[in-house]
Each structure stands twice: as C-alpha cells, then as structure tokens.
Ligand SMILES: O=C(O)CCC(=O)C(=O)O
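Okay, so here's just one chain, in structure tokens, the form predicted on its own.
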Amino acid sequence: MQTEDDFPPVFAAPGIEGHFTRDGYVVLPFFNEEEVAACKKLYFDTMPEPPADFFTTGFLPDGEPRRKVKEGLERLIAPHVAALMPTYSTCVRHFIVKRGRPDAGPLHLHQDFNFVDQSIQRAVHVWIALADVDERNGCLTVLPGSHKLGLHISAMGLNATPYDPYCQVFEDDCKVAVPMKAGEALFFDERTLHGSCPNTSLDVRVAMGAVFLPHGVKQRLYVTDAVEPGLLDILEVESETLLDYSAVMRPPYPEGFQKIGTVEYTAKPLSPEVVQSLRRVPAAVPAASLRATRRFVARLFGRQ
C-alpha cells in the first residue's frame, strides 16, 4: 500500500499539489463568466425544474438528456483539466442541484463512492460553483485532513463507515464551510469527507461536478452483498452512462459492469485520539499562498 507521499502528483503546479496533499482539497479559479453561463444554459435547457430538493443528473437513466449533459460538460472542462491535471482523465460529469427552501437542511459529511483501488491510486472529485455560494445558499463543507484517516471503502448499499460513531462531533466541531465565487472549483481527494450547507435562499443552487481518474485506470464500483454486508463485489465500469447512482446495483450485473472480484471489508471506528486531533481544524491555506496560487492559475488560463 502506498503512503501519501508515494502517490504520483495530481496537479502540475507544485504549490497546488502541496495544498491538496496536505488538506485533501483545494479551491481554484476554473470557469470564466462565459463558461459559467454556458454551463447554466446547458442545465436549464436539459432540466428546467429539479424533480427533488436535492438532485444530480447522475440520477437520470441512460438517454439523451444524460448524454447531452456529459458531452456538453466535457467540452467545457477538458481544456482546463489538461492544463491543471495532465495525467488525469474525466470519468463522470454531472450537475448537482439544491432547491431553495427556508426550512432546508444540510447535506451531512460523507465520503463519495470509491472509484479506484485507493491503496494504489487517487481519484479526484471536483465541485464547481455556477453562482456565488456561502452558508446561506448551499456552499460545500469539508473536514480538512480527513483523506488521511484511512482507506474506507465507500460502497453502494448498507455500508457502515469508520466515521459513524463521530458524525455529530465532526458536524459540530470539525468541519469548515467553503464559500466560493461563481466559476471557482473545489477539488477534493475521493477520501475527503464533505457535505453542504442548507440552501435557505429563494433560488435553485446549481453546481457542476466531475470525477477524475489517472490515465488508463478504469472506473471501479464496490457493491455490498445483499446477504453479507461485510462482503463487497468489485465491479469495473465499462459504461458509466448506464449507472443510476440513485439505486443500488444487484447481480446479475448488466452489460457494461464486469465483476472482477470480491473483498471482505468491515469498517473499524476511529480512535478518540484521532477524532480529537480533528476538532476545529483551520482552513489551513494561508491567504497569501492562496492568492499566489490563484494568480498562477489565472495566468495559466490567460485571464491575467
């Protein structure tokens, strides 16, 4: 198993890579105003009204709307990904939507599904704001450093986590909110715990999400056994378009999903000492360093 220092770098710029490796996330300028507008038009042309308070186009069945979203977003993000992360490719592209409601609740800290064997590879997820977001209208929350807590396998189905006994502590004492401007992107390690604040505004909050894998690495998916929750099927995903993330897959698996093995996995709770070390973790990116990083990316994309 590789240690954190053994993984090949994700980002071309050493300064960005340093922040990402240390904290498990980094916020960078990404889309310009025209690209933000193009993303929003693509969303509203495809999905004029979200069917639920929280919705992602990853919940759509295979068909023209889902393909239109994936292809349209790929055209917009591909040049940026090639410059920022030259050894990574995109495997998932979708919109993430929260309706506004005065009594809305938060999306609590969680870990997304594993898309790689985390003992040897790093997957990177991104959340791109398409409007200014803060704690009032659904900005993201993160637990800095949580990518170093271990190699939990986040699977489809009833999959207990090492964090379950400490959820309230993490929510109350450890997480930080990440306000962002329209066009900014929050890149986070697949293992990083994250959530979002309630959207108590009157507006629908639309963001864009994507997942990046190292070149040549096939997307994986882990599925809990229906009878033995400690046994996980390992699938290689040949056609992500066919995957409906709102439903648990069960064998026999459809075409496009190849079972390549099984693994026994039972989550072990974190020690109280580790939990204590995470309390009130600062945002960690010094303002001066972050400004310098953003200037670098602005020059990289020709905006300065």
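Each residue number is its position in the shown sequence, starting from 1. No experiment lies behind these values; they were computed from the predicted model shown.
From this point on, the text means the form predicted together with the named molecule, which you will not see here.
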| query | finding |
| --- | --- |
| Contact residue in the predicted complex, chosen from Phe54, Tyr245, Tyr265, Phe31 - any heavy atom within 4.5 Å of the named molecule | Phe54 |
| Residue (of Ala131, Ala177, Ala104, Ile96) lying close to the named molecule in the predicted complex, criterion heavy atoms within 4.5 Å | Ile96 |
| 4.5 Å heavy atom contact, Glu184 and the named molecule in the predicted complex | no |
| Residue contact check: His194 to the named molecule in the predicted complex, 4.5 Å heavy atom | yes |
| is_contact(Lys148, the named molecule) in the predicted complex, heavy atom dist at most 4.5 Å | no |
| Exercise: Glu190 in contact with the named molecule in the predicted complex, heavy atom 4.5 Å | no |
| One stretch from 221-229, 108-116, 72-80, 155-163 that, in the predicted complex, holds residues within 4.5 Å of the named molecule by heavy atom | 108-116 |
| Residues in 134-153 close to the named molecule in the predicted complex, defined by a heavy atom within 4.5 Å, in order | Leu140 |
